[in-house]
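Just the one chain here, laid out as C-alpha cells, in the form predicted alone.
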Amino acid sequence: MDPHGIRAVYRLRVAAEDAPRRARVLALEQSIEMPAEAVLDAGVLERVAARVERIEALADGSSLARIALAAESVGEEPGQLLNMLFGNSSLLPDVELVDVDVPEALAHRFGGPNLGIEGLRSLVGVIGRPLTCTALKPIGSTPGQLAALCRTFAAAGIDVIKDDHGWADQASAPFAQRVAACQAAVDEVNAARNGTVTLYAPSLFGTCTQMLRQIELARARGVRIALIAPMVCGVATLNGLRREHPDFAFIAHPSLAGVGRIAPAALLGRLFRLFGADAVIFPNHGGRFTYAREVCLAIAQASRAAWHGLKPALPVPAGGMSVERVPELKREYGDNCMLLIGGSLLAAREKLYERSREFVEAVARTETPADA
C-alpha cells in the first residue's frame, strides 16, 4: 500500500500567492501537527508528514490543494481518518475539504456497505424502479399511533418506513415498545402480500453499546435495517455496527453533516458509504434546504460510482419532497435511488392511504417520452 495513499483535496480561500504556503501549513497540521524543523526523527518526516502534491488556482480566486496523507497516521479507525482529513483544519474558516480518496486496501478494511443497492433491493423484492420511503412523525406520538401509520404506509405499498431521526427513547414511545408495535404492524401487512415486502427501520441512539443492544432487540422482532446519524454518534460507531452485524443494513441520516466545511459529496457520498451506509439520506434541491442541484447529483454519483470494489450505496434525496416531484426526481436520479417523502404525505391526514398510494404509483409508473 502506498504509504501516502490517502488523497485529500482542499479549497483554500486565500490569495493565490499565499496558497502554496497555506497548503504546506495545512499538510503539517493534518499529519504531524508541528513544525517540520522541530521533528528529530527524519523517518517521521519521510513516512508520516503529509505532502502537497499540486495546487490549482480557480477562477473565483480560491485554490485547490491536493495533499497526500500517510495511511500510517490513520491506522484502521474511521474517526481517526476523519480527524486526519479535517480535524484541526475544520477550525480554519478559509479551508474546505472537497474530495477524498483512500487506498484500496484501506477501503476494504473499512468495508463499505454490508448490502448495498442490490442487497436492499433483495430485502424488499423490488427491481427496475426507485425504492419508496417515508418517515414516522411527529415526536410525541404513541406506539399505537406509530403502528397505525406503519400499517397504512405498508398497505399502500411503501418499501421502507423509517423512524424520524429524532426518535430515541422518549417516554411517549420507548424504543422497545415502538419497535415491537411498528414491526408487528408491518409484519401483519407483509403476511398478506406476495413478492414485495415493507421494511421498518428504527432509529438508533446513544452509545455504541446501547446501539448494539437495540439492534439485537430489533433483530429479535424481525427488523433487518436501521437508521443512524453518523455525525451524531460517530463514524466509528457506524463502522463498528456494520462489522458486528454484516447481514444488517444501515440508512445514514445527514444530521450535523452540515456543521463543518466538508463538501457533501465527499462526506455523504464517499465517507458515509466507506464506513458502512447502505443508503444515504441527503437534502434534495428545491426542498427545505439550500443544496444546489449539482451538489445533490454529485452526492448520488459518489454513492453509486465504482470505488475500490465497495458496494454502491443507495442515494436518498429528501427534505420537503412531494408526490408531484416524483417524475422530476426519477429523471434526475434514475432507478437506483430511494425517494423519501414524509411530511407531505402526513399532511393528507384522513386521506393518508390515498396519498401514499399516489406516491407508490407515481414511482412505479413508466414515463412516456412526453413525460420526460
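Just count from 1 along the sequence shown to find any residue number. All values reported here derive from a predicted model rather than from experimental measurement.
There is also a form predicted in complex with a further copy of the same chain; it is not shown, and the following applies to it.
A.B. asks: State the residue from 104, 77, 294, 188 whose non-hydrogen atoms include one within 4.5 Å of a further copy of the same chain in the model of the complex.
C.D. replies: Comparing distances to a further copy of the same chain in the model of the complex, the residue within 4.5 Å is 77.
A.B. asks: Just one of 202, 130, 116, 283 has a heavy atom within 4.5 angstroms of a further copy of the same chain in the model of the complex, so which one?
C.D. replies: It is 283 that has a heavy atom within 4.5 Å of the partner.
A.B. asks: Does a further copy of the same chain come within 4.5 Å of a heavy atom in each of 217, 336 and 366 in the model of the complex?
C.D. replies: Heavy-atom distance to a further copy of the same chain in the model of the complex: none of the three under 4.5 Å.
A.B. asks: Using a 4.5 Å heavy atom cut-off, which stretch among 118 to 126, 298 to 306, 166 to 174, 194 to 202 contacts a further copy of the same chain in the model of the complex?
C.D. replies: Heavy atoms within 4.5 Å of a further copy of the same chain in the model of the complex occur in 166 to 174.
A.B. asks: In the model of the complex, does residue 180 come within 4.5 Å of a further copy of the same chain, counting heavy atoms only?
C.D. replies: Answer no; every heavy atom of residue 180 is more than 4.5 Å from a further copy of the same chain in the model of the complex.
A.B. asks: Decide whether residue 253 counts as a contact residue for a further copy of the same chain in the model of the complex under a heavy atom distance cut-off of 4.5 Å.
C.D. replies: It does: once a further copy of the same chain is placed as it appears in the model of the complex, residue 253 has a heavy atom within 4.5 Å of it.
A.B. asks: Do residue 57 and a further copy of the same chain come within 4.5 Å of each other in the model of the complex, heavy atoms counted?
C.D. replies: Looking in the model of the complex, residue contacts with a further copy of the same chain do not include residue 57, since no heavy atom lies within 4.5 Å.
A.B. asks: Does any heavy atom of residue 237 come within 4.5 Å of a heavy atom of a further copy of the same chain in the model of the complex?
C.D. replies: Because a heavy atom of residue 237 falls inside 4.5 Å of a further copy of the same chain in the model of the complex, the answer is yes.
A.B. asks: Given a 4.5 Å distance limit between heavy atoms, list every residue of 79 to 94 close to a further copy of the same chain in the model of the complex, or none if there are none.
C.D. replies: The stretch 79 to 94, when checked against a further copy of the same chain in the model of the complex, contributes 79, 80, 82, 83, 84, 86, 87, 88, 90, 91, 92, 93 at the 4.5 Å heavy-atom cut-off.
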